[in-house]
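Next up is one chain by itself, shown in structure tokens, the form predicted alone.
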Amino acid sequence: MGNVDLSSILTLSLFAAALRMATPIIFATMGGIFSSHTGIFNVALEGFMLIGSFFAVLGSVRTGSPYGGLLYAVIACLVAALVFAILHLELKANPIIVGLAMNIVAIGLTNYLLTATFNVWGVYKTDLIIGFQEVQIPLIHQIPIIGELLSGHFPLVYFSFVSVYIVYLVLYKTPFGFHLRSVGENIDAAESIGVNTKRMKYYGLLVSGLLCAFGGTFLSLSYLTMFSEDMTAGRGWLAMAAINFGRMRPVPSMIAGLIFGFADALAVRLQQFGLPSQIVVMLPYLMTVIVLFISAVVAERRKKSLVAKQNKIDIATPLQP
């Protein structure tokens, strides 16, 4: 890499690729935010997306349409989320254990179904898989720089950013969102005002599964038109890191997702310049550690600042006789 200058790496195509790479992470992040606000930290995001990826391919082959594939993925992920909800909410299983189990089951289930349905091992790629087509935005695509950056993406790329706005509106601008957040913040207070807390937890997990279906569909019908074993490659775990970084807020969490997407795109670009593959593969996860470290430092400073302000208030307040 000694003869390669920085400008040959940091091109507009790299940033456009970062938007595509961030798309499944953003979808999973928004879904995880919903369940997290009900008090359930959903560690099954990885498994949900993997299930969505497989059934999107199955639906595309069966219906001959990427939208049919998306429908299959949505149904499959909603079923998976419902299983999660029943195990945790009805059978009282620990949500972390259930989530980890769902991830393991997703790997085994998709590998089995890949062999049982398509009679192949590891990878399924065929012309029968109909993926989404790139969309050129009228007028925008003719503008230099902006057109190259924002136009020519798949429909789900644009919808991932729309989903951030939708999640923000639902959570912070509707009574439903207020009730949902109240369950995670103070479940006793929520019950005292008549909120059906179990139902809200069901809603949170189902929305989580729904959005993961979009992320999984993007991986197999947009980013690639194929299904491969464990093709989510840790993106569900990156989504959980993004949720932690953004403290369950849609926009900051989306920014973390974009950072991870950029790291992923940069790793792919660096492969062209002879960088050792071990370092390239490690880059997105190294970025995750850095982001979480920064998040922890900022949170600690904010906590100390609040404590200092509270101490000043206590000192300034005169004691009552």
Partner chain sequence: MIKNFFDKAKNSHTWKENLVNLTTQLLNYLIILIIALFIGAVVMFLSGKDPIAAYAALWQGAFGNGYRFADTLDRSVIMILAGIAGSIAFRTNITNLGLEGQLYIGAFAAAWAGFTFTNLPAIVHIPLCMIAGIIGGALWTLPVLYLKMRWKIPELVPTLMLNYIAIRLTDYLIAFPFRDPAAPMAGSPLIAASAKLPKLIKGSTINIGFIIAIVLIFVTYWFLFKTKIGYELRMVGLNQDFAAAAGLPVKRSIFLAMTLSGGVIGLGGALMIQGFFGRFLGGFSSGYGWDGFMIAIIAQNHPFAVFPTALFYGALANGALTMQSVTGVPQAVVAMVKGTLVLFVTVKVFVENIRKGLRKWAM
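From a predicted model like this one, the values you see are computed outputs, not experimental measurements. Positions refer to the first chain, counted from 1.
Keep in mind the form predicted together with the partner chain is missing from the figure; the text below concerns it.
- Note on contacts: among Val79, Ile143, Ile137, Ile97, the single residue with a heavy atom within 4.5 Å of the partner chain in the predicted complex is Ile97.
- Judged by heavy atoms within 4.5 Å of the partner chain in the predicted complex, the contact stretch among the candidates 284-292, 25-33, 249-257, 62-70 is 284-292.
- Highlighted residues Ala93, Ala116 and Trp237: every one comes within 4.5 Å of the partner chain in the predicted complex, counting any heavy atom.
- Put simply, Ile104 is close to the partner chain in the predicted complex: some heavy atom of it is within 4.5 Å.
- Under a 4.5 angstroms non-hydrogen atom cutoff, the partner chain in the predicted complex lacks Ala85 among its neighbouring residues.
- By the criterion of a heavy atom within 4.5 Å, Phe262 is excluded from the residues contacting the partner chain in the predicted complex.
- Interface membership of Ala241, defined by any non-hydrogen atom within 4.5 Å of the partner chain in the predicted complex, is confirmed.
- Residues from 185-204 do not approach the partner chain in the predicted complex: none has a non-hydrogen atom within 4.5 Å of it.
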